[in-house]
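The chain below stands alone and is given in structure tokens; this is the form predicted on its own.
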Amino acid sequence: MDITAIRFPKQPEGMISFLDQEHMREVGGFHQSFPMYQETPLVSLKNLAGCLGVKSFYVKDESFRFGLNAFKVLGGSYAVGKYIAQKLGVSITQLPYERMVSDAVKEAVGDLTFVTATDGNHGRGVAWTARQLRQKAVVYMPQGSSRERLENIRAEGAEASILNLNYDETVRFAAQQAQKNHWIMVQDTSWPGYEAIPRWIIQGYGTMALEACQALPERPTHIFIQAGVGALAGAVTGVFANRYPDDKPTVIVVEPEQAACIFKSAQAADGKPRFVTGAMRTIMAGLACGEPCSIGWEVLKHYADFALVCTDETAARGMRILGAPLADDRRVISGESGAAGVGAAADIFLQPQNQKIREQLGLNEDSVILCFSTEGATDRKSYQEIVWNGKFANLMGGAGNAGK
């Protein structure tokens, strides 16, 4: 399918300090203290690489993350942990999981309620973390959200409901409820006065990128990373920019054409974020966000290379490629948002009309491509409709789906 790409008007400024090696060691140490922690697989798709005519093609499979089928718990758990550590006046390095769940910590912090807006994965991660740490969670979901994702959140003990609002409106509603009820907002969208927790969430996402860095047998030349508000993309870009300061991989940020706030921000070429409004109809529910995270955007505008928009059909193709691999390539079950990067990379090679895009991005037979499958089949009905029945046009009810 047709793909459109534009170069970021970047102005590199050195290291991204909050995603440097010292911070990432701290974040990784916190996640590794959880007894259910296990590094997720980095899959080498050798036959796909041969089919596309590139040197290597790697996919980080987040469907195994903490048993929650998505990477999002990394951000929510670290942010909640940092909040509790700050409340106690200690470093999070002094609060590994075993101590965090202790009676002493519970007595010291009391009863806390964490609130968030989500399409599913982020809310489930926050609910799971609150349950693990013996606290409460309230989760709001935008109009058209998957019933299965709602029930998965409730199964973690959270109070959860679907509102008649789009994602960005749901975020604002959650923020209002947090202020009204003295709850703690846990969101990777940032705004003036609300930046500490989104920054912690982005750092939490860095664990996934750091694992990929350490597992890769070779330096990637190109990274395709999907964006909703841009927090995940900022985390991945920042970690790799710090890891390879003199030879950074080319970073391509992938978005749905109906929710391309990062693309529009790059296109404006003035360094300021741009918003997208309306229903944002797309199967890529986790990417249907209209307002960039200011912290993520600051990283992307300086260190990402290209912003790219694709159709729902591209994401659907990515799901099928991963779900029905070539020869002995390992199968990866990837949801609509999770497969967007793979779908975009494949379409750039497989569709003749995208040859100029391929040249623009510098992709060739020496390319080493890295993608992140950020979720499994978190909505099994939708997954089956797309992979079995070939549907890709707005399976989500025509509403303003978004979020994580």
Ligand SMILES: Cc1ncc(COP(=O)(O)O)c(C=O)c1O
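Every value quoted in this text rests on a predicted model; they were computed, and no experiment measured them. Residue positions are given as counts along the sequence shown, with the first one as 1.
FYI, the form predicted in complex with the ligand isn't displayed, but the following is about it.
Only one of 222-230, 209-217, 137-145, 323-331 places residue heavy atoms within 4.5 angstroms of the ligand in the predicted bound form, namely 222-230.
The ligand in the predicted bound form comes within 4.5 Å of no heavy atom belonging to Val126.
None of the heavy atoms of Pro256 is located within 4.5 Å of the ligand in the predicted bound form. Interface membership of Trp297, defined by any non-hydrogen atom within 4.5 Å of the ligand in the predicted bound form, is ruled out.
The ligand in the predicted bound form comes within 4.5 Å of a heavy atom belonging to Gly338.
Only one of Asn121, Thr282, Thr237, Thr314 comes within 4.5 Å of the ligand in the predicted bound form through a heavy atom, and that residue is Asn121. Counting a residue when any of its non-hydrogen atoms is within 4.5 Å of the ligand in the predicted bound form, the hits in 70-98 run Phe71, Lys72.
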